[in-house]
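A lone chain, given as C-alpha cells: the form predicted on its own.
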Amino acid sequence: MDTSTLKGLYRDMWLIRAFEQGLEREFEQGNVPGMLHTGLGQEATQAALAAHLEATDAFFPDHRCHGINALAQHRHGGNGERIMAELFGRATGVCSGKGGSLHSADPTVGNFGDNAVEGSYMATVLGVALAAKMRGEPNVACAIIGDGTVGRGEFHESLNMAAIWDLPVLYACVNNGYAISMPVGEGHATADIVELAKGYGIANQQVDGNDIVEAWTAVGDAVGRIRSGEGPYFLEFKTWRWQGIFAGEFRPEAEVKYWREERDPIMLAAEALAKRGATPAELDAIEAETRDLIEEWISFAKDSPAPDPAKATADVYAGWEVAAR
C-alpha cells in the first residue's frame, strides 16, 4: 500500500469516528430518535470495505455500520449529510426520515439497508448476488454480520446456498468479541468464526480488523476473486467495540484498557503514517477537517424539516394490489 492510499484510509476512519461521536453526542441530548448502536473501535473494517465496494455493488450493513453508510454516500453520492439527516429523522434523509438507524438505505450508492431482524439479510443478499450472476455483471453482494448473528439459522442457510450456486457474495464477519454481553467463545463452538465457513467449502481468511493495511489488503483480495467469478468469500475481522450495548455492561477492565489504548485502529494507522514521514500537524489537520465536515452534516440535519405527516404512507407496500401476469 502506498502512503497516499494509507492517508486516504486514515481520513476515512476519522470520518467514521467523528460521525459516530457526533451522533452519540446528539443522541444523548435527545436530538436523535430511536436506538443507537455505534461501531467505535471498528473503523478499520468499515473503511476497508468501503474502499473496495463500488456504487454498482450491494452491501447490507449491520446495526453498527453508520460509518460505511456515510462513506458510501460521501464517495458515490457526494451528500453524506443525507445519512445524518436520516438518523435525525428528517425529511432530507435518504429515506425521507422514515428509516432511522436500522433501516437507512440507498441502493444508488450500493446501500441496501439493514433490518431490525438482525442477520435476516443473509437470505436477502443471495437474491441480489443471484441477479448479478444471471446478468453477467461483475458485482459483489456483501453481507456485513457480527459474531452474534452467526447463531441464526440464516447464516448456515445462506453460506450453503452461496456455495452450491457459486454466488458472488462477500461475507464480512465483524467479530468484536461479544454478542451483547456473551463472549464469542461461549456462544459458539469456536471463537474463530472463519472455521464455520470452512465447512461449506467457501474461500476464507481471518484478519486483524484493527490493522487497516491488513484489512484493506484482505478485502481487495476477496473482492478481486469474487469479481473474477471464483464464487463466495468469507472474511472474519477480529476487532473490538468500544461501547457496550447497554449501560453497565461488564467487560474486564484490563480488556477495555488494552483495546482502547493499545489496539485503537486510528492510533495504529497514525503510527504507520508517522513511520512514512507524516507529521503530527498533518495528522491533526486530517482529524480537524473531518470533524468540521461532520459538524456541517449535523447542522444540516438539525436545520432540515421533519417529514410531512401527509406522506407517512408513501413508499409503503401495505395495501398494494399485485396485478396478475
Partner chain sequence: MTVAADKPRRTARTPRKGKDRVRKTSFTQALNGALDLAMEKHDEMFLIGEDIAEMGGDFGVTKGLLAKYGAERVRDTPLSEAAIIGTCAGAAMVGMRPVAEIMFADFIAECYDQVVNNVAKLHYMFDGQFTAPLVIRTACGGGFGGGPHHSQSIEGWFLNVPGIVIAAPSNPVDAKGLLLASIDSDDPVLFLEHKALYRSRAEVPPEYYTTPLGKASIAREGRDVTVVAAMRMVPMALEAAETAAADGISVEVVDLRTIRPYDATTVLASASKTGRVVVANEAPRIGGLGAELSARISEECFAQLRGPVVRVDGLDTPIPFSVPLENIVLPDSDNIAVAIKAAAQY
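Quantities reported herein were computed from a predicted structural model and do not represent experimental measurements. Numbering follows the first chain given and starts at 1.
If you look for the form predicted in complex with the partner chain, you will not find it shown, but the lines that follow are about it.
Among the residues Ser96, Thr217, Asn204, Asn79, the one placing a heavy atom within 4.5 Å of the partner chain in the model of the complex is Ser96. Just one listed stretch, out of 31 to 39, 286 to 294, 262 to 270, 45 to 53, contacts the partner chain in the model of the complex at the 4.5 Å heavy atom level, and that stretch is 31 to 39. The partner chain is not shown here, but in the model of the complex it comes within 4.5 Å of a heavy atom of Pro307. In the model of the complex, none of the heavy atoms of Val213 sits within 4.5 Å of a heavy atom of the partner chain.
Gly231 falls outside the set of residues with a heavy atom inside 4.5 Å of the partner chain in the model of the complex. Of the heavy atoms in His103, some are within 4.5 Å of the partner chain in the model of the complex. Residues Val117, Glu118, Ser120, Ala123, Thr124, Leu126, Gly127, Val128, Leu130, Ala131, Met134, Arg135 are the ones in 117 to 136 with at least one heavy atom within 4.5 Å of the partner chain in the model of the complex, listed in sequence order.
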